[in-house]
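Only one chain comes next, encoded as structure tokens, the form predicted alone.
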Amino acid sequence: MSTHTNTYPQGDAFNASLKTRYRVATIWQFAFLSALLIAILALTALLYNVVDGAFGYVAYDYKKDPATFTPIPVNELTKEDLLVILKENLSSGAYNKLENEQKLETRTQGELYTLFLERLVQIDTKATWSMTDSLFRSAEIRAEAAEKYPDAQLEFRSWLTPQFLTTPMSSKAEFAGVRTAVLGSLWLVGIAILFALPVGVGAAIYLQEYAPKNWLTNIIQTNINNLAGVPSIVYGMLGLAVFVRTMEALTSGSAFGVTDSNGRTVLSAGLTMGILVLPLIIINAQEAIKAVPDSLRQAAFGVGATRWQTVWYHVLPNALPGILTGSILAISRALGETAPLIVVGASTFISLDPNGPFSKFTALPIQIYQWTTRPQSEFHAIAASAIIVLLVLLLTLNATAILLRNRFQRKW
């Protein structure tokens, strides 16, 4: 006959054990709270560092006096005045190049004024200061600028302006913009979505709904999971070998009569980005399909529906919110990639917008990288502004994913 022994503490031992458990719980709660605070501080420091570089005092001067080109005050120049000044003072080569890019008569007054400052007057930035220094050391900065650059003008400038978003790349930081890079990134994302979304969802449907559960399926599934963690530069090498070289006739457009391009086009880069996010889309789509209750499948089979009808009319509509959410988050990763684009052949300087899949291209991460490597402080300032633009695009994609999830999510 066995006797039951009570192993729970009693009396003072129970109270001591209870206090110990509460003490341990409090310690872990404090540790988790500390981790959260550290994460918030790190993100805040990152954002502040970016914003700190996008605003601040700038000391600049003109290399050439505007009065040498026109007696009219600069702020009173009309579009017709600017057209005459540019035609009379630009070299024939520079003028013809601008005309070939876009007829000067079709450009706005603001664009012509920018060309006047960039090509003729030539602004010379002497020094820049961060937003923090500009706010807290304003008097010292003014004194320093007056001493070191007596002829320069000092103004508080926001490098992130509407003009910065709508102008192409320039060799002068004062006139450089991100329009070409933003359009290149949108082209890349569009091509990546068109390629990866149908292929990824189709693969997920087959693996989840049709594929037999055997050793071959397990190997395929394991490899898909492993491919999701492969470094992105490996995909860049794959894109270089397959899309740029092997499929050059297609990606360069020569098969369609395009003669002024090679395989290093926006199409090659978009397909490379599609391959990069394909494992992520497959995994996310599988999880979304797996979350659909089996009772819906059994009900469809019970009324005589085929497997395809069950998938098309019942499984996919209910899994669509999860599929879209995962796909958008995967594409947001592609938007911030740099290494694959460098390998595939993104341009570090290009002033022409991509107008088709066979165009040369650049992207926001490439543009940011190129500007941060320049020694001039004004390029660092516009790099910070470009980072803000990239963060806004990423947050917009993530917010879209959240809205889609909340809009279509169903609880079972």
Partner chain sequence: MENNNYAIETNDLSIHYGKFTAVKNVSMKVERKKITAIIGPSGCGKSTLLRAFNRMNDFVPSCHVTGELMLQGQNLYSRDVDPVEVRRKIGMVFQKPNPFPKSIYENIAWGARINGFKGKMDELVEQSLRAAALWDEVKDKLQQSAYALSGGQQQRLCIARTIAIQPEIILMDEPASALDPISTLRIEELMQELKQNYTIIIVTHNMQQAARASDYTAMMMIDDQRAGGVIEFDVTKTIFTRPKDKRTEDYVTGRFG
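Note that this is a predicted model, so its numbers are computed, not measured. Residue numbers count along the first chain shown, from 1.
There is another form of this protein, the form predicted in complex with the partner chain, and it is not shown here; the text below is about that form.
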>> Heavy atoms within 4.5 Å of the partner chain in the predicted bound form: which stretch in 114 to 122, 291 to 299, 235 to 243, 334 to 342 meets that?
In response: 291 to 299
> Which of K126, R307, K172, K79 has a heavy atom within 4.5 Å of the partner chain in the predicted bound form?
Replying inline: R307
>> Between Y206, Y149, Y313, F156, only one gets a heavy atom within 4.5 angstroms of the partner chain in the predicted bound form; which residue is that?
In response: Y313
> Can any non-hydrogen atom of A143 be found within 4.5 angstroms of the partner chain in the predicted bound form?
Replying inline: no
> Could you tell me if A249 has a non-hydrogen atom within 4.5 Å of the partner chain in the predicted bound form?
Replying inline: no
> How about T217: is it within 4.5 Å of the partner chain in the predicted bound form, going by heavy atoms?
Replying inline: no
>> Just checking whether T132 would be counted as a contact of the partner chain in the predicted bound form - the rule being heavy atoms within 4.5 angstroms.
In response: no
